[in-house]
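Take a look at this one chain, the form predicted on its own, written out in structure tokens.
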């Protein structure tokens, strides 16, 4: 099975060949590196930019307004914050021109903890990004969803922020990418650049098939009856593992992968909460003005009389940064033990 980095690479190749993507660019995106996480190796429209995030976003906006279809990469989301004003302009272009100008651009950026990246390579961007209207915002938790969401993003007429949980980029999926060969080693030989001199290397792309995950459509990862857990990105697999472990204690937890933060699948959340009466929202962004707080507010406003316990949020600590030491990083953002404890506590709370 492909890992998420390979799935992203295959989706970008499909988009170059079939969806009119004209430029894939960013810091170290082109030869010889192909991206710090290897997500852009072997693609034909890649090029390297200076170390200038504002220049990258500005170039993407210009290419999109000029009729191209760019996919820009910000190497780590920690460095996208100095482009906020440009992201705001990109998001309001269609609205402010009364639909005369679209902005068909995708911005990819790795997010979150999990690689011991310390203060400058470990932060989240989902809550901040959902504060900027006019953008679609997505974050996959599996390679297949990464492939399908990125293909959908490359079809969009207006900007999409594609958030890549860096802790999952090397994790293999459980579902095969359409067109991916059955042999994992064969796939690696076909599309992974060798170490050392890559100047003469060319990928041998499999015959990939169209597969699109619609924006605004979540996925029920596990059925349950006693509580609902809503997550996305790095924490989603942890929630699924916690739910499986708690099943041995007789606790039945339903797990939802949101996948798309804007638009998001409120109907899926609503249906589940009305069934279970309890809900825990889990992500690793900082807990103050967290996106999960928005979901809690809507849950209380619209589903109050279905609740058997107050909705809860488990999120990252409200800290200026994430420490380099393993123990500090683990303590800064939710881990499986934290999620298991929160689920157990919520399930036991009586109305």
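Positions refer to the first chain, counted from 1. No experiment lies behind these values; they were computed from the predicted model shown.
This protein has a second form, the form predicted together with another copy of the chain, left out of what is shown; the following refers to that one.
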**Message:** Contact with another copy of the chain in the predicted bound form for residue 322, defined as at least one heavy atom pair within 4.5 Å: yes or no?
**Reply:** yes
**Message:** Residue-level question: is residue 201 within 4.5 Å of another copy of the chain in the predicted bound form, judged on heavy atoms?
**Reply:** no
**Request:** Indicate whether residue 262 is a 4.5 Å heavy atom neighbour of another copy of the chain in the predicted bound form.
**Result:** yes
**Message:** Is residue 221 part of the interface with another copy of the chain in the predicted bound form - any heavy atom within 4.5 Å?
**Reply:** no
**Request:** Please name which of the stretches 187-195, 266-274, 245-253, 87-95 has residues with heavy atoms lying within 4.5 Å of another copy of the chain in the predicted bound form.
**Result:** 87-95
**Message:** Going by heavy atom distances of 4.5 angstroms or less, which of 176, 131, 241, 172 would be at the interface with another copy of the chain in the predicted bound form?
**Reply:** 131
**Fill in**
Looking in the predicted bound form, the residues of 288-318 with a heavy atom no more than 4.5 Å from another copy of the chain, listed in order, are 288, 289, 290, 291, 293, 294, 296, 297, 300, 301, 304, 305, 307, 308, 309, 310, 311, 312, 313, 318
